[in-house]
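Taking the form predicted on its own, here's one chain by itself in structure tokens.
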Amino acid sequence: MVRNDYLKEATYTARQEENCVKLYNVRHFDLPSTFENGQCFRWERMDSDRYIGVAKGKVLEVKKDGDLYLFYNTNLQEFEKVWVPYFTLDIDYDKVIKVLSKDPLLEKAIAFAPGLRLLRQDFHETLISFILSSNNNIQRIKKIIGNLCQAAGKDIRYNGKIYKTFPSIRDMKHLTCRDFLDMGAGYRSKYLEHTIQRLCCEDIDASFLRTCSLDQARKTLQQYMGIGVKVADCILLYSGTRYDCFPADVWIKKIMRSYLDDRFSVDDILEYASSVFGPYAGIAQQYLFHYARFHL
């Protein structure tokens, strides 16, 4: 959950142009490090400074042009309502970075990718995507999710091309373990079938996940097949549900053990992250994860 003292009044300027929304005066926002850091799977790089993605049931094209950011296929009202929260433009990253940079390792990681931003993605999409992420790589996850969207997503047209939304839980209810196997989900197929059927009967209370203890939030998600501590933390963090979690994947374990102690267990790492990085452990994790992939 974002503490109010890190929420901010908009310092950027957004203007409606004829065919896009132009964004001025944005700090700490880099497209490649935001879209290609393993937190999302439905953004595609079209060239060095342009991406097209499907999120929140919409297609969005984003382009960096010098100091400007151009958002196509949206309008100013939708931008403020949907895309400002999605891109966490309401978080004061200057303040977050100032706090986290007090740690020497974080200082290096932030300097490497100062424009990396966490996204607030759809909760159910994040949950399904990170069940698929278990023992998997980014390209394969993207392929499986693409197959899932083709099978059950809804059509959206943009620039003469048909895109697919990420399907709702209800739209996936008819899919079987065999269907997921055919999509390439492997052993995770039974997890998806079981979890989707259960979510259709009893959905998760997101407000409870935000306000309960982190341990309670993890345990609530771990009641669903295919969700362990690391996947639970990914779901909580990348859906923007809360920022005090610290997904400890292989890269995080490597960098934290090299920095702290080779003998540190996952529990030791999580305890350290909680005590040192506090309510913004999740933002710290993203900087460290991205840094580790290129330096270890």
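Worth saying up front: this structure is predicted, and the values here are computed from it rather than measured. For every residue, the number given is its place in the sequence shown, counted from 1.
Separately, the form predicted together with the DNA exists; it is not shown, and the next lines address it.
>> Please identify, from 179-187, 85-93, 153-161, 102-110, the stretch that has a heavy atom within 4.5 Å of the DNA in the predicted bound form.
In response: Going through the listed ranges, the match is 179-187.
> Is there a heavy atom of residue 167 no more than 4.5 Å from a heavy atom of the DNA in the predicted bound form?
Replying inline: Answer no; every heavy atom of residue 167 is more than 4.5 Å from the DNA in the predicted bound form.
>> My question is simply whether residue 251 lines the interface with the DNA in the predicted bound form - judged by any non-hydrogen atom within 4.5 Å.
In response: Yes, residue 251 sits close enough to the DNA in the predicted bound form that at least one of its heavy atoms falls within 4.5 Å.
>> Does any part of residue 134 reach within 4.5 Å of the DNA in the predicted bound form? Heavy atoms only, please.
In response: Taking the distances in the predicted bound form, the answer for residue 134 is yes, it comes within 4.5 Å of the DNA.
> Quick one: does residue 191 come within 4.5 Å of the DNA in the predicted bound form, counting heavy atoms only?
Replying inline: Because a heavy atom of residue 191 falls inside 4.5 Å of the DNA in the predicted bound form, the answer is yes.
> Is the DNA in the predicted bound form near all of 35, 62 and 239, within 4.5 Å of a heavy atom of each?
Replying inline: Checking in the predicted bound form: none of 35, 62 and 239 is within 4.5 Å of the DNA.
>> Looking at 227, 52, 256, 245 here, can you tell me which has any non-hydrogen atom within 4.5 angstroms of the DNA in the predicted bound form?
In response: The option sitting close enough to the partner is 227.
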